[in-house]
Every structure is written in structure tokens, then in C-alpha cells.
Ligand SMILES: Nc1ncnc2c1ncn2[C@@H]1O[C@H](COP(=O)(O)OP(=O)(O)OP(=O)(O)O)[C@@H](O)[C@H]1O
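As C-alpha cells, one chain now follows by itself in the form predicted on its own.
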Amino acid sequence: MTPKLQAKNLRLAISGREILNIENFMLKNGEVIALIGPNGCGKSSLLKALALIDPPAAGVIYFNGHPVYPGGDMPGARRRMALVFQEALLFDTSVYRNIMIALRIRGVTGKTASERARKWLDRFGILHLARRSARKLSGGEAQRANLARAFALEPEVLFLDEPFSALDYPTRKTLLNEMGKLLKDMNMTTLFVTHDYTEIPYLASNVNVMFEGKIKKSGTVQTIFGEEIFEKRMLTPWEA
């Protein structure tokens, strides 16, 4: 089966320091991979390269089996992806218009855009905040709006770069539960960067471990963390 996203021989160095050295990375359709490793190991750099935001110095990136970097249809591939970062990065307008603007950029307008916006605001429990200014949202509300905007784009690949790390414990736990069910229900192909290993069992089925710009180990959550720990974390991941 052709991977949804694949990268081969990615290389990136800054001021002589190797940031990325990825021989082969694959994200299969419907797969959720957690990318972990120490600070500065290249996790976010790899995510941004795969999302075609910061292309690497060398290597090839494939989307649905077709090369999109270098020399491919990068804009077309980007339009089929969505990203959620730690900071919500919302426009200074209403929550509803934040989603409508994003949809318009992707060429979705009129009734279709409005229905999508309302659907995902409702799905993330913030439809009642649709007319509120994004500047007046709490941290949890802003991240819900950010996630609703990403899902409204109906992406083929979702990139999550530590989207829960700035949230308080109750908000984070609630969102992780909701997101885990949502990703599974939608069979959403997802790359999830995190530094908090207790988040992983909620969302991911597989794990890639990075160190010094390279993927050192990959496998299922059970393989990487051990069956006993995995079982405990699935039941009480914050207390394990």
C-alpha cells in the first residue's frame, strides 16, 4: 500500500550543525505516529519539512506516492494538510470568522464553508463562542478553536506540534480524550510531536524516537514503552 506521506534521505544543517538526517520516514493512511525525543533533536524541524513549510536542503518528499518536493506540486499538497501548533495563532476577529477565513483561503466558500465552520465548532464544544473575539478566549477555548479550524479544512494529513503542552491539567486531559476518539473515528492520518510521553497512548498507535536529527527507533506504543506501562497509561495515563 502506498504511504500517505513519505520522505527519503532528508538532510538539513544549520551553521554546520546537522538538524535532520532522515533516511526513510513513512506515514500510512489512517496511521497516527507520535514523534518523541529530547529538546533540540529535530522533531519540529522534521514536522515542518514534511508539512512543506520549511523544506530540507536535500531529499525527496512524497504525497500519495507522488514526489512533491523538490519540483512537485507543493502548493497542492499543502492545501491537503493542516497544522496545529502549541500557540493557537488565531486571527484578531471572531472565532467563526477565523474558520471562514481559513476555508476561503482553501477555496471553500458560501453555504458549504458556513456549514463546516458550525459543524466543527459544535464538535469541539465551542459553537456558543462563534461570535466571540478570539482575543477574549481562554487558553483551552483558543486551542479548541484552533483544532476546529484545522478539522474544518478536512485535511488528508494532520500535523500536531505539542498542541496541548500549554494547557492546564483538566483542559489537557479532556482534549486528549476527545481528540483520541476523533482521530480514530475519522481515520485521520496524523503526525503528533510531543515531549510528554503520557499524552501518547491517548492518540497514537506508533512511535518514532528521534535523537540528534535521526530516527533511532520506531515501533508500536507497546514496543517502545513496554506492555505493562502501556496498559497502565491507557487506563490512567496521567497517574501512571
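Note that this is a predicted model, so its numbers are computed, not measured. In case it trips you up, residue 1 is the first one in the sequence shown, and so on.
Not pictured, yet referred to below: the form predicted in complex with the ligand.
Taking non-hydrogen atoms only, G40 approaches the ligand to within 4.5 angstroms in the predicted complex.
Although the partner is absent here, E162 lies within 4.5 Å of the ligand in the predicted complex, judged by heavy atoms. Of the heavy atoms in S45, some are within 4.5 Å of the ligand in the predicted complex.
Put simply, I19 is close to the ligand in the predicted complex: some heavy atom of it is within 4.5 Å. Looking at 184-192, 63-71, 32-40, 200-208, the stretch with residues near the ligand in the predicted complex, meaning non-hydrogen atoms within 4.5 angstroms, turns out to be 32-40.
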